[in-house]
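Only one chain is included here, represented as structure tokens and corresponding to the form predicted on its own.
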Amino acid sequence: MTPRVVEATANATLANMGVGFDILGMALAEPFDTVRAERIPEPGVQIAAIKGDEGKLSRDPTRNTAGIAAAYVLRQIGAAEGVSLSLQKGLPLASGLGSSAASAVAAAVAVNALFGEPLSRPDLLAASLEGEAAVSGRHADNVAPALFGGITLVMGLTADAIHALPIPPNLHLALATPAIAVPTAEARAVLPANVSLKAMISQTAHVALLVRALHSGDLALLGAAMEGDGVIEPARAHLMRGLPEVRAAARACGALGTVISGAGPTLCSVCESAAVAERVAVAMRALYAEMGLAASVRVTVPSVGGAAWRVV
């Protein structure tokens, strides 16, 4: 017998991993979004409640990433019944942590589970992308790691184009999210339309170095590779207040590299232990405070398992 109420969680993600614009992403153990899905006799999707968004997200299911993804799954499985969704936002909005992707993935997983999991996990990629596209464009560098977990190389928009990469042991991450919003559309609008051959060579070399670092487990090499972005970061740096200062403070406390998470403004530092990551997080918050800017910080690690669900 299929359940009547299901709750699913999908994690924050570190898109791009510095140098891998739109092709690399890492799932983080926290924070995460939670979507509760309940069957209702009326067809279609209703959004009953949204918490943690300060009233900023639409409860119109056709304009909400979770609602769009849920509706896509219902069409895929040919469901006669509908669903009512309740969304708990654990991710801050416009933070560069994959907020829209997490909501879309959690909704797709929850609705599929609610109807007995007729779709495989790879089958849910299309629904998740549909929800993400409504806010951030049709790219899978957030959606893929949120759905599948771990570190992913994204070569396209189908499941066979998503490739899992190794997770180095002892990889810890310090995140700092200053109290400023950087919408993805704004961060994409400043990107260059063309890049030089020299820049392309350097960028691809650093992506290759990053993959090498993941396979070897060399965290120092990983941090250096992630900081090798010579195309996207320079274009977005003016949107990331205090980026050079925060990077220097993090390195002074032991960080091996600091990059913009997704479209920003969250900054992420690569660290070799939880203790180092804690020191880095404290230093990042203190520096933002000196700049008169509040910031939330946390220490986390990569998430392996991907989105999860349970009967409630």
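Start at 1 and count along the sequence shown; that's the residue number. Just so it is clear, the structure is predicted and the values come from calculations on it, not from any experiment.
The same protein also has a form predicted together with another copy of the chain, omitted here; what follows describes it.
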Report yes if any heavy atom of L293 sits within 4.5 Å of a heavy atom of another copy of the chain in the predicted complex; otherwise report no. no
In the predicted complex, does Q76 come within 4.5 Å of another copy of the chain, counting heavy atoms only? no
Close approach of I23 to another copy of the chain in the predicted complex, 4.5 Å, heavy atom: yes
Using heavy atoms and a 4.5 Å limit, would one call S84 a contact residue for another copy of the chain in the predicted complex? no
Sort through L239, A159, A133, L165 and report the residue having a heavy atom within 4.5 Å of another copy of the chain in the predicted complex. L165
Interface residue in the predicted complex among A179, A185, A220, A205, criterion: non-hydrogen atom within 4.5 angstroms of another copy of the chain: A205
Can you say which of 147 to 155, 68 to 76, 111 to 119, 167 to 175 gets within 4.5 Å of another copy of the chain in the predicted complex, counting heavy atoms only? 147 to 155
Contact test, all of V276, R279 and A289, partner another copy of the chain in the predicted complex, heavy atom 4.5 Å: no
In the predicted complex, which residues of 196 to 232 put a heavy atom within 4.5 Å of another copy of the chain? S196, L197, M200, I201, Q203, T204, A205, H206, V207, A208, L209, V211, R212, H215, L221, V231, I232
